[in-house]
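Only one chain comes next, encoded as structure tokens, the form predicted on its own.
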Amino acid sequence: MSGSSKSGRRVSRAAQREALLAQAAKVEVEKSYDVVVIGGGAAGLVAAISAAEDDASVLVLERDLECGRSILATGNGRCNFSNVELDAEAYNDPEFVSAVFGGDALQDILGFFRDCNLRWGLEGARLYPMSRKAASVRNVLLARAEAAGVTLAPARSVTLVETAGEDADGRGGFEVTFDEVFGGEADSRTVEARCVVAASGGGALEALDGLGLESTTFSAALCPVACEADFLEELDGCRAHVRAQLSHGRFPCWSERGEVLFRSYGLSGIVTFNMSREVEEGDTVELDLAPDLGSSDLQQIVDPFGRGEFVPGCLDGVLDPKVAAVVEGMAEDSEELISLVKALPLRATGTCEEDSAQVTQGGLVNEQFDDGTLECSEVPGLFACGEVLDVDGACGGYNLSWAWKSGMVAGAAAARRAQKLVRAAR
């Protein structure tokens, strides 16, 4: 019975894939566009909408079977799409991000999504769609793109972007080559574009390789951290609200408060994801398991008479009883127990489970792009946004906020340039 059920699910997934491929094959791709967007994720969709609503003809080439699919996994399927405390200092390159964000990025983002008919709610400083479903965000973007006349072409993998040459006035364009596989061998096609907006990660970088742009290596960020500690197996699956501190050698370099999830291999959870942007092999992680209590408060709970002893179970009212039992089992006396509660040590060995990382570090070097338009100074007509640039931020809606705002900037600027080229050609 169960084998048959599993087989049925496999057939269903295969059928769904075939249906998506058939649907993608029906999309008609013209020979030329004002703007071709590489990548139909968060940044790519917003860039396409922004360009199309400025009267540009727009094609989105997406290698996945559907556009916007990456959005569905954000915020554990709930899509924490922005943050009311949006601040450029939460990013790895705050000066560049601040310039791209302009006067009030949050209001720009909320205005964009209000025009998409999305409504939202707050959880702390984090903004979620009212439905608490990432599909709501994706669906309103797809609907707005369709209404704007964007050609969404999934199941197309861009393999090469080349300049098409330029005339004496510096006007030029691009040839964008992509593979489409709808059954059997891949067919290669080329379209002409007045402007290109690169919005996706690794695949786009490879396609742009011939343009001579400088980039840094992509690496996983916002992912779990592998650690070494004898107690991890026992605490696998336990959660704790902590203040986590990371130290390079003897020097603390990062600290944040929030929830961690103990795993047999190390630590996970939002605090850990933020830590992963800073961690190096051999770093020391210390967890304050009772951040609201000082050592003197714990002394009154653990050893109120100062005898140097503690009774097993004394921390059950403070910590998860399983966590309390593990920490108590590590301590010889009350002083050591209090020290462990305030600074439980682990040795970091690096990031792990990178395949499920929420964002990547690295990409095209930011200095090559104008921070007002996101156009490349060395390759006029080439724009970049989202994860293809070397920008990454903390958990909490920051990375999607960068995708939305940079997509708006790049898409609108690409449309303006394309219109300028059209006028000049007349």
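Bear in mind the structure is a predicted one, so any value in this text is a computation, not a measurement. When you see a residue number, it is the position in the sequence shown, counting from 1.
The form predicted together with a small molecule exists for this protein as well; it is not shown, and the discussion that follows is about that form.
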**Request:** Report yes if any heavy atom of residue 54 sits within 4.5 Å of a heavy atom of the small molecule in the predicted bound form; otherwise report no.
**Result:** no
**Asked** Quick one: is residue 361 in contact with the small molecule in the predicted bound form, heavy atoms, 4.5 Å cut-off?
**Response** no
**Message:** Would you classify residue 157 as touching the small molecule in the predicted bound form, given a 4.5 Å non-hydrogen atom cut-off?
**Reply:** yes
**Message:** Residue-level contact is defined here as any heavy atom of the residue lying within 4.5 Å of the small molecule in the predicted bound form; does residue 357 satisfy this criterion?
**Reply:** yes
**Option from 376-384, 363-371, 28-36, 396-404 whose residues, in the predicted bound form, bring a heavy atom within 4.5 Å of the small molecule** = 396-404
**Request:** Report the residue, out of 350, 94, 203, 258, that has at least one non-hydrogen atom within 4.5 angstroms of the small molecule in the predicted bound form.
**Result:** 203
**Partner-contacting position among 173, 75, 129, 269 - heavy atom within 4.5 Å of the small molecule in the predicted bound form** = 75
**Asked** Has each of 151, 163 and 192 got a heavy atom lying within 4.5 angstroms of the small molecule in the predicted bound form?
**Response** no
